[in-house]
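Only one chain comes next, encoded as C-alpha cells, the form predicted on its own.
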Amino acid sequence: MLGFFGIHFFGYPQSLFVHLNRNFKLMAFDHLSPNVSQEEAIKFFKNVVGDRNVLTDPSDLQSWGTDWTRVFEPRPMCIVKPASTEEVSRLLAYCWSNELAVTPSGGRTGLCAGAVATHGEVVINLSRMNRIIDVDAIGLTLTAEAGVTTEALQEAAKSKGLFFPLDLASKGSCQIGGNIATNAGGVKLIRYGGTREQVLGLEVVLANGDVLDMNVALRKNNSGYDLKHLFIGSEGTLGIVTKAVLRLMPKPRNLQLAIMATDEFVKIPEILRKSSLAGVSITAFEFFTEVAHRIVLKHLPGARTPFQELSKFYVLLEVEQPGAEPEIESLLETLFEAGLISDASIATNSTQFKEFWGLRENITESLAAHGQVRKNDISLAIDKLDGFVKSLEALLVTKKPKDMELVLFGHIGDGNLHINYVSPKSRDSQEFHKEARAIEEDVFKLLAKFKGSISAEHGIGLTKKKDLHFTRTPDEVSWMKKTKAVFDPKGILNPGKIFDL
C-alpha cells in the first residue's frame, strides 16, 4: 500500500512515548531515535524564531505545556513560538528529520488534555500568529492566522457590521486554530452550527513541513475529496492549522433573551419543541440545574438570581426578533399555559442580558472555585435526552458518594450535556478521581445503550482515549489509525492523543 511522501504505511509505529526524567532531559522514543541533542535542537529553534521565543524555564514549561485539564503533569522539552507559516514549516521539517515529537498548542483552554505535552515533546505554540489578514464584507468571509482569539474574530466582524457566530465561554482565551483542531461547538450551534460549519478554507503544515494550501474562500467547490475536513477535529494529530478562511453572517437583529424555571427535565425538550413550532428564530437554547445555579451565585461576584424561589432546572432561550411584535412574550405565555415553566424573566436591557448569560457562562469557572471537578462532555439525540437523564439519576442513587455533587448543564438545543462530578477541595484528589472514574465508566456504558457520544465538543485527547470504544466501532478506529499513518507515518504529531498506535 502506498503511503504519503512515498512511504509505506503498513507497520506504523507501535509506541508513541518519550522517556523523560524529572530534570526534563530528553531520552529516547520507543519507536524513534532522535539524532540530535536537546541543546542542538533548542539552538536550531532559536535561530528560526529568535531567542526570546524559545522557552525552557521550568515555570514556563509547566504553564505553556498544559491546558485547563490539570490532570497530567506537563513535561515538554521546550516551548517554541513561531510567527509565520514559514517558521512552522521549518520547525516541523526539522522535527521530522530528527524524529522529535511535537505538541501543537494554542490558547490551551481544552478540557481533554489534547494540548498537554507529557513526554518531552516540542510544544509549538501559535499565539504569535495572531493577524487578521482580511475581512471581506461582500463575500462575507474573514481570513485569519491560527493564533487569533475567538473574541478578536467576533470584534473584527463587528467592526464591519457583520457577525462571526462561533461563541464560547472561553472566547477571550481560546484561539481559532484550537477551535478548528477540536471542532469546538459553543452556544450558537443550534442556529449556526459549530466550527466545522464556519470553515471555508485552511492552510495546514504537515508533519514533514510541507504546506498544504486549502485556504480558499469558495462556498461551492465540488472537485473531489474535501481534505480540510480531515483536519477539523483531528486535535493536531494530522497537521498544524496555520490559517483559515471563515464564514461571516449578517449581524443578528434585536436579540431577545429569557430565562425560565421548570421542575422536570422532561419538560425541557418539550420547551424546545414548542419554541420551534412557534416559529421563533432560536439562536441559543441552554439549560442548567439548581445545583449549578447555586454554585454560580456563591462564587461569581455580583451574580444574582432573577427568581424569588429556586427551581430544579433552568432554561436560557435567546431568539432573534426582527419584527416589531414581541414574539418571546407570546411564546412564554404559551409555555406557562402548557404547564412547562413555573417562572420566567426577560432581559430588558444590556445589563440584564449580560447578567442572564453570566449565570450560564460562568458555571465552569465557579465549579473550579467550588471544589474538585471531573467533567464529561457527552451528546445524544434530543429525543433520547430525557430517558438518559432518568437512567443517569437512577444509576447515581447507588453509585455516587454522599459528599459528591452532580452538576448538569449544557447546550440542550443540540443534545450536548456537560456532566460534572464535584467533591470538596478537602477530599484526597486521587481518591476523588478514582471514585468519579468508576461512575464515569458506568455512565459511558449507559451512554452506549442510548447511541450517544462520549465527546460532544471537547475532543478525546489523553483523558478519553481509553473510552473511545464506547462511541466508535473497531472499524472506525482502525481507519482513523490508517489515516494518521498516511499523514504522519513517523508519529511525531501530538503522539498519544485520541488513540495509541
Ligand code: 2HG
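Residues carry their position along the shown sequence, with the first being 1. The shown structure was predicted, so the numbers you read here are calculated from the model rather than taken from an experiment.
The form predicted together with the named molecule exists for this protein as well; it is not shown, and the discussion that follows is about that form.
inquiry  = Among the candidate stretches 334-342, 72-80, 303-311, 410-418, which one is within 4.5 Å of the named molecule in the predicted bound form when only heavy atoms are counted?
reply    = Comparing against the named molecule in the predicted bound form, the contact stretch is 410-418.
ask   = Lys243 near the named molecule in the predicted bound form, any heavy atom under 4.5 Å?
value = Answer no; every heavy atom of Lys243 is more than 4.5 Å from the named molecule in the predicted bound form.
inquiry  = Considering non-hydrogen atoms and a 4.5 Å limit, does the named molecule approach Thr364 in the predicted bound form?
reply    = Yes, Thr364 is a contact residue.
Touches the named molecule in the predicted bound form: Ala169 (any heavy atom, 4.5 Å) = Output for Ala169 is yes: heavy atoms within 4.5 Å of the named molecule.
ask   = Using 4.5 Å between non-hydrogen atoms, is Lys375 touching the named molecule in the predicted bound form?
value = Output for Lys375 is yes: heavy atoms within 4.5 Å of the named molecule.
query = Quick one: of His119, Lys267, Lys228, Arg360, which gets a non-hydrogen atom within 4.5 angstroms of the named molecule in the predicted bound form?
reply = That would be Arg360.
ask   = What is the one choice in Met404, Ile190, Leu111, Ile259 with a heavy atom within 4.5 Å of the named molecule in the predicted bound form?
value = So the residue touching the named molecule in the predicted bound form, by this definition, is Leu111.
ask   = Counting only heavy atoms, which residues in 432-468 are within 4.5 Å of the named molecule in the predicted bound form?
value = Glu457, His458, in sequence order.
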